[in-house]
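Before any questions on binding or motion, here is one chain by itself as structure tokens, the form predicted alone.
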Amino acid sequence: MASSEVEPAKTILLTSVANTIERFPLREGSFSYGTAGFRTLWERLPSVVNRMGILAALRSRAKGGQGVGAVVTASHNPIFDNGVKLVDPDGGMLSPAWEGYATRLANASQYDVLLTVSDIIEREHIDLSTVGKVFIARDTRPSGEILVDGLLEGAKAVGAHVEDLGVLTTPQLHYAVRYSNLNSKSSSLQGYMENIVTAFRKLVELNPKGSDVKIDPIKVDCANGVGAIHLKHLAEMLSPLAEYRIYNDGTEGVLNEGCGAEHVKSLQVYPIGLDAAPNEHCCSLDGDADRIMFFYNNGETSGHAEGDGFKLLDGDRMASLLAGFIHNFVLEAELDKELSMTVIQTAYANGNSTSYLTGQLKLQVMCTSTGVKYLHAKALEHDIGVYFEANGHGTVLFSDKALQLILAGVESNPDPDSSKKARSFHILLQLSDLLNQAVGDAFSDMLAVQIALLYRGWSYIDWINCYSDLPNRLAKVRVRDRSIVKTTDAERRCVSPPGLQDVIDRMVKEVSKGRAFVRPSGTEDIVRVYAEAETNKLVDELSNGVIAAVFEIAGGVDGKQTHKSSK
């Protein structure tokens, strides 16, 4: 666009922005864009969501008109909450620099919104002749329909073409954005379904033990969320090869109430309405189906009583299972010298999971700060990056280099039955299609776990027996000002306030297999304390000691702390 045309074009755009934000006045309070975007009581969000529509359109125009996504969801939060999160053109999370713009826009006065938009246009050198494209979706919350209207208006005010994809899982939207920008026919919802179903079926056929080996049925708690809608379709497409028995499908219960991945992980109890018979395979999705938890009843009880006989297989277990499974085929394909494979964890990963990965599986493990955006970014630095948070959010990423080598191996060995090496190339190719390359995805993770167990002939019992978790505790300490607590080394070391880390180090040295760290919350004045040790008695002593140190040195405001513990 010629310079003489820039100012009139900007004036027209800013006038359009002014008109839309007048309809969505700013609510009281402050907003901060985090890993999950914005998330709070839905009544506070109309202005925020409208402005994120504006920002999504600006982001698209800054990226030369590539598609950008916006999803209205609050994931595992209660039904009266909602939120909004933006998706970059590669299908990943919003660029950190643009997270800053998001926070500025969300908190700006009506007048300052125009200044911020103008500043973004100048800083990002946005060509105003470029037409933006925004894909939007939402989960099943009733408030979503209201909020999506504001999102649509905001994006259209900046001249973007908007495609409303309706009610989708969050990973489905990420997938759609990624593959739309690759000009792929598989960017549609049907394309997403066909892609993972085809990969799953081919993997069953490629099973070295034979394609007629039985796949264990799985009971799936859908948290009364969006996952239930699309899992019913997926189950139909995979029948009779695999059987999915759906619970908490939204017809009667309340979203995330007594069910879902967060409920199962935090309380380590069965979801409401799902009776687990001994050794039955079960799992729970979260409200927007980007996280998954696996669990079973070990047979000690009926599985009806709260927590009795309950055994959890969390994100650490998924990372261990899938990393070992994939690495085996990397070795058989003789790609281990050409490809780097790394497992990415956070400080919350159980110490024995890390020991299993490095000691038993001989894999490289790296640690990042808490937050899936940090794990995803680190995984992208490797040819095969396996990342999972303990909460069940994660996937396996294959680099362009890895895919090129795998494809070359398939082309050189078109018959998978010709050798073990040939079969391994074909298996790796299908796994790269099955596992969502944009974001953690409960559906693709569930199918990948089923394939790994099928190939190995494992039950959940075999899976959990790979290693034993160290007893651990997670606690919260309320403080006057969380900002005085600062960390380094992927949040494993505390550098402020002075002396706190020295106290933690002394306590850890006195405990067998002890480990502990503290980190401030990103949203409220609390400090999280994580501790693990060889026995429950030792971990209780360590946890209580670190809590007391944080309270004294970091300025605790009361003596009431909240604990979560492993079982």
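Note that residue numbering begins at 1 and tracks the sequence as displayed. So that the term is clear: the rigid core is the largest set of C-alpha atoms that superpose within 1.5 Å between two forms. These numbers come from a predicted model, not from an experiment.
Beyond what is shown, the protein has a form predicted together with a small molecule; the following relates to that form.
For the residues 455, 348, 329, 467, the 4.5 Å heavy atom test against the small molecule in the predicted complex is passed only by 348. Note on contacts: among 133, 376, 393, 281, the single residue with a heavy atom within 4.5 Å of the small molecule in the predicted complex is 393. Note on the interface: of 31-39, 531-539, 47-55, 502-510, the segment with non-hydrogen atoms within 4.5 angstroms of the small molecule in the predicted complex is 31-39.
In the predicted complex, at least one heavy atom of residue 370 sits within 4.5 Å of the small molecule. In the predicted complex, the small molecule stays beyond 4.5 Å of every heavy atom belonging to residue 64.
Interface residue remark: residue 128 is not counted as part of the site for the small molecule in the predicted complex, having no heavy atom within 4.5 Å. In the predicted complex, the small molecule lies within 4.5 Å of some heavy atom of residue 389. Superposition on the rigid core between the shown form and the other one places the CA atom of residue 36 less than 2 Å from its counterpart. The Cα shift for residue 534 between the shown form and the other one, taken after rigid core superposition, is smaller than 2 angstroms.
Once the rigid core is overlaid between the shown form and the other one, residue 522 counts among the residues whose Cα shifts by 2 Å or more.
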